[in-house]
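Each of two forms of one protein chain follows alone as structure tokens, named structure 1 and structure 2.
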Structure 1
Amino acid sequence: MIELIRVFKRFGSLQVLNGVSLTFRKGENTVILGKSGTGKSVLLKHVVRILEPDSGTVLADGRDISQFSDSELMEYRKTLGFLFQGAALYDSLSVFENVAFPLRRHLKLTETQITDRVTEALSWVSLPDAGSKMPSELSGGMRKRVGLARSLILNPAVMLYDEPTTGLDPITSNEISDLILKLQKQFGTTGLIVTHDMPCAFKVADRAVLLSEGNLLYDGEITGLEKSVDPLVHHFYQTSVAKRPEQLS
């Protein structure tokens, strides 16, 4: 379980997180919605301690992550998978080596075992033959999927997905949504999913939160968004869903 307690974060004069309190429960998929620039990526980065709050606390299984020693932080991070919004592939390594990187660093495996696991992960993201390519040779959507394969290769207990389906066609998008569900079902993976893709959100969410101006505007069932009486939530829901009504199921 991961808890954010009254987390504040500002960059210069810009207050991005304004006392956010939020709990992510084990095994649950939480979808994080919100307009561009409201601090969704910033929020995810606080969970993995790439960013630290100006004030407020982040707890992982009840322990304050800002108090972790170097080695505790390493152990904690090994239980996490983070898909960056920009994929963040290592430019100097091939697709195969990108995905194999966490395996090589943290597990003692034979070359055959590594090949097996990388091949499996690449097939999960529908890129079974991309292994020998370099990141610069990939399309945006492909990079994103390689990033996804890399972040889930160690079977993390918690997956943080920063827009897992942006730049993907509806069919591949749907496959990625299925993959997120599969990880949850098969391994009990906790999912923190930032997305603008409403079909994906509806498919994977056990719960949805709506972030606006550094605070939570909504926290509850995703289907409840529609019934919310809050005018801002209502407006967000109408405009997000109205864009592609035919894809909702």
Structure 2
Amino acid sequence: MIELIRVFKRFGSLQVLNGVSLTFRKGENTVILGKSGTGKSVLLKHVVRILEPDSGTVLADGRDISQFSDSELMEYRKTLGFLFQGAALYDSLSVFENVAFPLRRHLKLTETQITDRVTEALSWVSLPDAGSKMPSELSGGMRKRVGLARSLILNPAVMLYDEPTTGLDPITSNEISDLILKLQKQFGTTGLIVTHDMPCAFKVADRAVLLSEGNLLYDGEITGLEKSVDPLVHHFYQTSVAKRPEQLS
């Protein structure tokens, strides 16, 4: 379980998080919604402790992560997988070496063990023969799949997705959404998913939270967005042209 307790964050004159309190429960996919600049990605960076709150607390299993030593922080981050917007692959490394990178950095494994783990991860994202390719040879959807394979190679308990379907066509976006669900069901991962893609949101969410100007406007089932009496929540839903999962092909 990860918990944010009255987290504030300001950059200059811009208040990005304004006392946000949230609990991310084990095994649950939570979709984080809101317009650009409302603090969604900043929230994820606080979970990873890339950013520190100006005030407030981030807890992981009841422990304040700001109090972690360097070694404790490293161990904590091993429990997190992070899929970045652009997949963040190393262009000079092959697909195999990109996926193997966390293993080489954090674990002492033989080459045979590394090969077995990478082969398994690439098969899991339906790219069993892509190991020898370079990132420049991949489509956007394939890059996201490789990024996902690299993220799950250390068996994270929590997956953080920052706009996982941005720039992808609807069919490929749907495939990435399916992988998010598959990861949750097969490994019991907790998912924190920042997205503007409402079909993806409706498909993967057990729960949705909506941020606006750093404030938490909504926290509940995603279907409740349409029924909300809050005018800001209702306006967000209407302008997002939300689609139900059954509308996806």
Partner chain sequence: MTGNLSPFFIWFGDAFLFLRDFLVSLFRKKFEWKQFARQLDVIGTGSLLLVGISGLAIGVVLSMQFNATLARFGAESLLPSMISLSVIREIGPIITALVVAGRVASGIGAELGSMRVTEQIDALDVSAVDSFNFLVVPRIVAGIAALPLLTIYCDFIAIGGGYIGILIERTITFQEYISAAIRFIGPDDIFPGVLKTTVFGFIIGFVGSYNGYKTTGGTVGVGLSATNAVVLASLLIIVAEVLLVKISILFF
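Here, a residue number simply tells you its place in the sequence of structure 1, counted from 1. We call the rigid core the largest set of C-alpha positions that still match within 1.5 Å between the two forms. All values derive from a computational prediction rather than experimental measurement.
- Legend: structure 1 corresponds to the form predicted together with its partner chain, while structure 2 does not.
- Rigid-part membership between structure 1 and structure 2 differs between Val209 and Asp91 [C-alpha given to the better-fitting superposition].
- Superposing C-alpha atoms between structure 1 and structure 2 shows the smaller rigid body rotated by 15° with respect to the larger one.
- When the rigid core is fitted, Lys108 shows a C-alpha shift of 3.1 Å between structure 1 and structure 2.
- For Gly140, the displacement of the CA atom between structure 1 and structure 2, after superposition on the rigid core, amounts to 5.2 Å.
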